[in-house]
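As a starting point, one isolated chain is supplied in C-alpha cells, in the form predicted on its own.
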Amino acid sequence: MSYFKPEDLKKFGDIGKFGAKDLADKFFAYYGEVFKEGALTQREKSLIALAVAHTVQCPYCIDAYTQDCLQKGSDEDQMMEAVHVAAAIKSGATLVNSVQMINKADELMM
C-alpha cells in the first residue's frame, strides 16, 4: 500500500479545511507571489522547485513541477541537470557536517 495517491494533489487547495483557512489563504497568496515572473523567469523557478522537490522527497511536488517544467519549456536534460545540482548540494551539505564529527572525535580522543 502506498500513502502517495497522485489524485490527492488536486486536494491541496483544501488545506484550510479544518479551521486554518486564514493561514491557508496567506500561504497560497505568498506561494502565488513567489512564482510570479521576477528576477528569475517562471521557467527557472519551476526548475528550482523541481530540484527542491527531490531534496525534500515530496512525490506530489515532483509530479506537479515535472509537469510545470515541461509546460514552461524545460526539457528532460535540463530537468535532470537541476535534480543533479540539488543532489550534489544535499550530498555536500551532509558531508560538510562530518567536520562536526571530526571535531568532536578529535576532542574526545585527546
Partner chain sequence: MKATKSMQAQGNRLANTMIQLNVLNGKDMVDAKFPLFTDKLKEINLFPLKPSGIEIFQINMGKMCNQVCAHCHVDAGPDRKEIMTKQTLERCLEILKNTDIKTVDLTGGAPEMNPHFFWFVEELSKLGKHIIDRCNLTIIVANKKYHRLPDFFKEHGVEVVSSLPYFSEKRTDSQRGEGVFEQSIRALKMLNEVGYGIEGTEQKLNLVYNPSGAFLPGDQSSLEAEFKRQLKRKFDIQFNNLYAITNIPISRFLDYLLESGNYEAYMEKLVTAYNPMAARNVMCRNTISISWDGYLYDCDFNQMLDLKVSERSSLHINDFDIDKLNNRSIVLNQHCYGCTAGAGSSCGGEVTG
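Residue numbers count along the first chain shown, from 1. Worth saying up front: this structure is predicted, and the values here are computed from it rather than measured.
One more form of this protein should be noted, the form predicted in complex with its partner chain, which is absent from this view; the next part is about it.
Answer yes if any heavy atom of residue 70 is within 4.5 Å of a heavy atom of its partner chain in the predicted bound form; otherwise answer no.
-> Heavy-atom contact with its partner chain at 4.5 Å: present for residue 70.
Does any heavy atom of residue 11 come within 4.5 Å of a heavy atom of its partner chain in the predicted bound form?
-> No, residue 11 stays farther than 4.5 Å from its partner chain in the predicted bound form.
Proximity of residue 43 to its partner chain in the predicted bound form, heavy atoms at 4.5 Å | Contact check for residue 43: yes, within 4.5 Å of its partner chain in the predicted bound form.
Can any non-hydrogen atom of residue 33 be found within 4.5 angstroms of its partner chain in the predicted bound form?
-> Answer no; every heavy atom of residue 33 is more than 4.5 Å from its partner chain in the predicted bound form.
Want to guess which of 22 to 30, 48 to 56, 62 to 70, 81 to 89 is within 4.5 Å of its partner chain in the predicted bound form, heavy atoms only?
-> Result for this chain: 62 to 70.
Can you tell me which bits of 73 to 100 touch its partner chain in the predicted bound form, meaning any heavy atom within 4.5 Å?
-> Counting only heavy atoms within 4.5 Å of its partner chain in the predicted bound form, the contacting residues of 73 to 100 are 73, 74, 75, 76, 78.
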